[in-house]
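Only one chain is included here, represented as structure tokens and corresponding to the form predicted on its own.
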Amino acid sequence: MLTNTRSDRVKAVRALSRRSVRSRTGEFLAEGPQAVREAVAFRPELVRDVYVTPEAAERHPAIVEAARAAAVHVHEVSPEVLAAMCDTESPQGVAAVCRTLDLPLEVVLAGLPADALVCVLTNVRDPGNAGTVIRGADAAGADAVVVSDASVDVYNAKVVRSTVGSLWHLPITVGAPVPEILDALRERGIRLLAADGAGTTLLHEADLTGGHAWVMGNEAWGLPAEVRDACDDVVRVPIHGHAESLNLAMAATVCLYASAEARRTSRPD
């Protein structure tokens, strides 16, 4: 059992809380049983090490068994060591060092179906919002999530936790400038729908047939005019009550589910 909170291994894992270290090593830390379970189940080839306390090993034996079956190194650690490794105060007894999983934009677009559903995050800065949008995209059956260069790092610990494992379920590409993303999607034949409170098209009026991408803006200022103008339509989620607006994650999930339902009814049985 690893018990020394000042060991080089512990320091190296803890250092993954810094974006510069994640970028240099190509690794990040997934914390909590749900995230580690999904990583081991869906992308075990990307899991380098699993760290688990004795109590968590007894509580989540399936995670330990799956990791070992996939030839992933499993290390038993004291609760103090795990706390020293992790970003959260209560890491729930299990964490995993994983290799980054994003793919180049052209690779992701090449694998899309004709009626692709894509979510584009432009200048999204809040980790919780970004992670929740990825989770919502996964739940709605989206084919990919595209995260622009000015957005939060998807390997930020809070983003990873907020995806609740969905990070490993669908293709993700990061780092391209917004104009490049929009041009690449359009060349692939994917229509661009800007989700913005300034839209004149209401969600229930929008054409959600065929391949399309929802373009989501910054939490505070939404989408700039040049991005809205570059899209094929600007769509607004109607507010029927007294709420001023929906936050980014809520609006994205509503839009994605509307598209999922349109695609479900248009596909042959």
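Remember, predicted model here, so these are calculated numbers, not experimental data. The first residue of the sequence shown is number 1, and the count goes up from there.
There is another form of this protein, the form predicted together with another copy of the chain, and it is not shown here; the text below is about that form.
R264 within 4.5 Å of another copy of the chain in the predicted complex, heavy atoms: Contact with another copy of the chain, yes.
Going by a heavy atom distance of 4.5 Å, is R135 a contact of another copy of the chain in the predicted complex? Answer yes; at least one heavy atom of R135 falls within 4.5 Å of another copy of the chain in the predicted complex.
Residue-level question: is N247 within 4.5 Å of another copy of the chain in the predicted complex, judged on heavy atoms? Although another copy of the chain is absent here, N247 would touch it in the predicted complex, with heavy atoms inside 4.5 Å.
Partner contact for P238 in the predicted complex: another copy of the chain, 4.5 angstroms, heavy atom: Residue-level check for P238: yes, a contact with another copy of the chain.
Taking 4.5 Å between heavy atoms as the contact cutoff, choose which of R125, H169, R186, H75 touches another copy of the chain in the predicted complex. Comparing distances to another copy of the chain in the predicted complex, the residue within 4.5 Å is H169.
C86, A140, L109, V152 - the one with a heavy atom within 4.5 Å of another copy of the chain in the predicted complex: So the residue touching another copy of the chain in the predicted complex, by this definition, is A140.
Which of 209-217, 51-59, 65-73, 34-42 has heavy atoms within 4.5 Å of another copy of the chain in the predicted complex? Going by heavy atoms within 4.5 Å, the stretch is 34-42.
Going by heavy atoms, what in 194-219 lies within 4.5 angstroms of another copy of the chain in the predicted complex? Just H204.
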